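The data below hold one chain only, encoded as structure tokens and taken in the form predicted alone.
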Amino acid sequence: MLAVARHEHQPAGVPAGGHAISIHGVVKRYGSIVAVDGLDLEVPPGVCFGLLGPNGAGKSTTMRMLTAQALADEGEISVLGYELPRESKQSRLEMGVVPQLDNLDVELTCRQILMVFARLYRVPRGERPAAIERALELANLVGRADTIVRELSGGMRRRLLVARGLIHRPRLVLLDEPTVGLDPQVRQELWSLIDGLRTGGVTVLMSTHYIEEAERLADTVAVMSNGRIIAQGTPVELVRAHAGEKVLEVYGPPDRLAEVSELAAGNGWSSRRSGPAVAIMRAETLDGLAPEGALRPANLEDAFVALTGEEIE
């Protein structure tokens, strides 16, 4: 895990002792489909909080409700001390949003897009040029300030989305699948940018389905499945609680792996198929019946699969 900067001041808009985000008993239905089912979530100020889950877990729906793009059918939502949806306009002015889908105007330059959003977020006229330069520098786009968006690479466009969401210096940033569809090198660049937000005391709520992203960036991770949070804690806490300290990986042909899976099931060992191997959790507790294999430290992916039964990138 990367080092985390802790902040003593109270972010603007958050009542003393309060949470940047507070969700209680929230339900969201789309016809017969329950996308979010009795969700409870509290995000303290000044941290990076990760929502981890597979597609369809309810992460994006939760993000849309926090911006009042979708309205909860039941429950209560408070963002930066504002009640939603009644005070959603005020909360939106004090938060930044980086959507999952690229919705940039491809006919404008980076500078023009940032100018438009500086006005929308009511950055004072005299402060706009400095705000735009600051956002360009943060996103490493100074050299591309006057480039039309359609000429930018995918990674540059994603960085511009982040810069756009930070133009007004929000105290809370919502990142919905911030690196989806990006290659590993560009993803690393975005991770550095996201991690840097905390040094300024910004609260970050990040939804993702990338295990490494949550493990690298988030102070706290909440695992979502079927519209609910099924586990929450630091990455280390989740690994220890649900996967143990060591994992035994047994390699071999399909018939050998089938035997190992049967052996694990018969002995009540938590296991899963992991590529060309069977991974057995809590290997540090196994007795002499354990098959031969390679030991490795347990990780967040092991914990996730143990919790949800689903493979995830």
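Predicted model, so just to flag it, every value in this text is computed and none were measured. So that there is no doubt, residue numbering starts at 1 and follows the sequence shown.
Keep in mind that the form predicted in complex with adenosine-5'-triphosphate (ATP) is not shown, yet the notes after this line are about it.
**Q** Does the 4.5 Å heavy atom contact test between Gly252 and adenosine-5'-triphosphate (ATP) in the predicted bound form come out positive?
**A** Heavy-atom contact with adenosine-5'-triphosphate (ATP) at 4.5 Å: absent for Gly252.
**Q** According to a 4.5 angstroms non-hydrogen atom cut-off, is Arg64 in contact with adenosine-5'-triphosphate (ATP) in the predicted bound form?
**A** Judged by the heavy-atom cut-off of 4.5 Å, Arg64 is in contact with adenosine-5'-triphosphate (ATP) in the predicted bound form.
**Q** Using a 4.5 angstroms cut-off on non-hydrogen atoms, would Gly58 count as touching adenosine-5'-triphosphate (ATP) in the predicted bound form?
**A** Gly58: contacts adenosine-5'-triphosphate (ATP) in the predicted bound form.
**Q** Residue-level contact is defined here as any heavy atom of the residue lying within 4.5 Å of adenosine-5'-triphosphate (ATP) in the predicted bound form; does Glu177 satisfy this criterion?
**A** Within the cut-off, so yes.
**Q** Only one of these stretches, 267-275, 50-58, 253-261, 281-289, has heavy atoms within 4.5 Å of adenosine-5'-triphosphate (ATP) in the predicted bound form; which one is it?
**A** The contacting stretch here is 50-58.
**Q** Sort through Val26, Val43, Ala35, Val247 and report the residue having a heavy atom within 4.5 Å of adenosine-5'-triphosphate (ATP) in the predicted bound form.
**A** Spelling it out, the residue with a heavy atom inside the cut-off is Ala35.
**Q** Between the options Ser78, Gln100, Gln90, Thr220, which residue brings a heavy atom to within 4.5 Å of adenosine-5'-triphosphate (ATP) in the predicted bound form?
**A** Spelling it out, the residue with a heavy atom inside the cut-off is Gln100.
**Q** Enumerate the residues of 203-225 that have a non-hydrogen atom within 4.5 Å of adenosine-5'-triphosphate (ATP) in the predicted bound form, in sequence order, or give none.
**A** Counting only heavy atoms within 4.5 Å of adenosine-5'-triphosphate (ATP) in the predicted bound form, the single contacting residue of 203-225 is His209.
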